[in-house]
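There is one chain below, alone, in structure tokens, taken in the form predicted on its own.
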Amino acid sequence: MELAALEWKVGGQQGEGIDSTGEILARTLFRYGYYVTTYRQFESRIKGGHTDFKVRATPTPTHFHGDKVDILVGFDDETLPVHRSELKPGAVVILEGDGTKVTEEDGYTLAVFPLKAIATELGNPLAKNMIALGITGGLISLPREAFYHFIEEQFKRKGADVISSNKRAVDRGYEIAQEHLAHKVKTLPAREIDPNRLYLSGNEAIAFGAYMAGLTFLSAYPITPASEIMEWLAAKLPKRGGAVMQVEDEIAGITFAIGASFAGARAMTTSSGPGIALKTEAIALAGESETPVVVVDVQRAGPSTGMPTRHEQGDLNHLLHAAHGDFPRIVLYPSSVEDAFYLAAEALNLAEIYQTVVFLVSDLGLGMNKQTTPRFDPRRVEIRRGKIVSEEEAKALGEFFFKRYRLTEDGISPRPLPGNPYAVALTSSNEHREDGHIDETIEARNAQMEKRMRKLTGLRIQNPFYVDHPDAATLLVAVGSARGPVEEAAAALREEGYDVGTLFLQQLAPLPVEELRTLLVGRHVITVEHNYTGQLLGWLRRHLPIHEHSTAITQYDGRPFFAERIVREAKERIADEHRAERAHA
């Protein structure tokens, strides 16, 4: 029997190699031609506590790691109880145990093997994970050589003996599958390999996109789930003359970035919710001084320390209003790994063109998990630095004290960089007049405030949102990693005859109100979001008259959505809407 797709999960205690086990299978299936999406869940501790890694391999592109499991591998007592409800009918559960036992349970096959003891007999007690991968490979008829490449790559620094023992462990897994689970063996056929694909996470894509767009400076303080961006750039940026500073705290992270930007660098800082909270006073400094800076927020579950390794989209209200006083800000939220790359590049351009703060928002689900994505096109990455004044331009003006905050029709003032001998510019965190000197008169205040606030008028990024079935009676609206389960829920609803479309917002501020008015007003709107209060719905209601025909499906337990839950709740909300319409009629 052939499998069209595979959903696989491994669980165990943190520190047992769960991530590396999942990663090896994911990369193997990617090389085998499949579109792969992953999701890893782990406790906020160095070692111990249940952790799991989900791999979904599909023949067509998807943004979702899936609801169910075909094969579940467990190395601790918690794996089966925690994930039993996810098992598909006919699933196989492989557990570490004291002896060998294969039984048919209620809807699934339970196979217990002494994996650690077998690994010890093979001379490598740490290779039980490789045996489990071998059993998996045997169950889906994957050529065992498919694993060999990654074993050689993974353990090349540990020598030939380690590589050899791990290969023997994989081989033993294949033998176990044949000896005890031959009746469960299926075939996952190889697919044509498309070379124009990548396999990476949202964090890696943000780092890569910023790198390609000419980022020269990053300052940040380590924090889950954003640290991977700094780690990626720390390995790459210095090689081309850029700098990455791991600073002493979050305040230093933003202020170093502002200073570097003022000096002419393309600058960025990264963090998560608690770190963004600490940065807010300095964010206002960037707003008042009109200094370009990109702030990346990879959200986790709060408030406070909250659940630092769990998923949430609870920072939206904060980012839309962060810092004191009125000043324009841009808030972008990619909904795929591909968009994370291009929006990171665009965020640097927008920050310099509009001389303001750009928040690039992500979440743990998008940031830390890998998926197959189309190969990035470097021709789509432009470096646009806005109104930077050259020496020749400044000399022609004949102003020794340059009017850094010159009043302009579009609200954007020409910006000289330090070192320009014909443009000595003054800047300040205080209100000022055109030449930068402090001035609190009514005339100066109103002129500068109005200049700053009109600079984002009409701003539209290339893809402010994605919409599918725009004329549907009901639109499911979401941001970030909620895109994957929402896409699959909408498809399932349409198969059942429901008139449902989707809309994924990427430009949250300034909100593209007029385009959204055409799409959303008069239509039944359901937002799907990972927070308690429906922050996305609140933001839309603030700008659009959709109050009577909108509602939110929310989840705030730190776990990703299942598509089947969205389907179930969307049906209930659609039925409620129909009842309200009949009552109103």
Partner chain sequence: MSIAPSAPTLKDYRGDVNTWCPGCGHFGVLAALQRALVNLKIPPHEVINVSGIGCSSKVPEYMRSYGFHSLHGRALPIAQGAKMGAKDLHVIVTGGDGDGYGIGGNHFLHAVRRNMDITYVVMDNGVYSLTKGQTSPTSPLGFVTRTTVYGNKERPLDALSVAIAAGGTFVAQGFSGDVKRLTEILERAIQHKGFALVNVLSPCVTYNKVLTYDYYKEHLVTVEEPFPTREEAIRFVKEHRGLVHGILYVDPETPDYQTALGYELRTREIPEGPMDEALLRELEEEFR
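Residue numbers count along the first chain shown, from 1. Nothing here was measured: the structure is a model prediction, and the numbers come from that model.
Although it is not shown, the form predicted in complex with the partner chain is what the next lines describe.
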Contact of residue 354 with the partner chain in the predicted bound form (heavy atom, 4.5 Å):
no
Within a 4.5 Å heavy atom cut-off, is residue 240 in contact with the partner chain in the predicted bound form?
yes
Could you tell me if residue 385 has a non-hydrogen atom within 4.5 Å of the partner chain in the predicted bound form?
yes
Can any non-hydrogen atom of residue 375 be found within 4.5 angstroms of the partner chain in the predicted bound form?
yes
In the predicted bound form, the residue from 447, 181, 95, 285 with a non-hydrogen atom within 4.5 Å of the partner chain is 285
The unique member of 475, 345, 322, 230 whose heavy atoms fall within 4.5 Å of the partner chain in the predicted bound form
345
Going by heavy atoms within 4.5 Å, which of 101 to 109, 507 to 515, 276 to 284, 82 to 90 lines up against the partner chain in the predicted bound form?
276 to 284
Could you run down 248 to 265 and flag each residue that has a heavy atom within 4.5 Å of the partner chain in the predicted bound form?
248, 249, 251, 252, 255, 256, 258, 259, 260, 262, 263, 264, 265
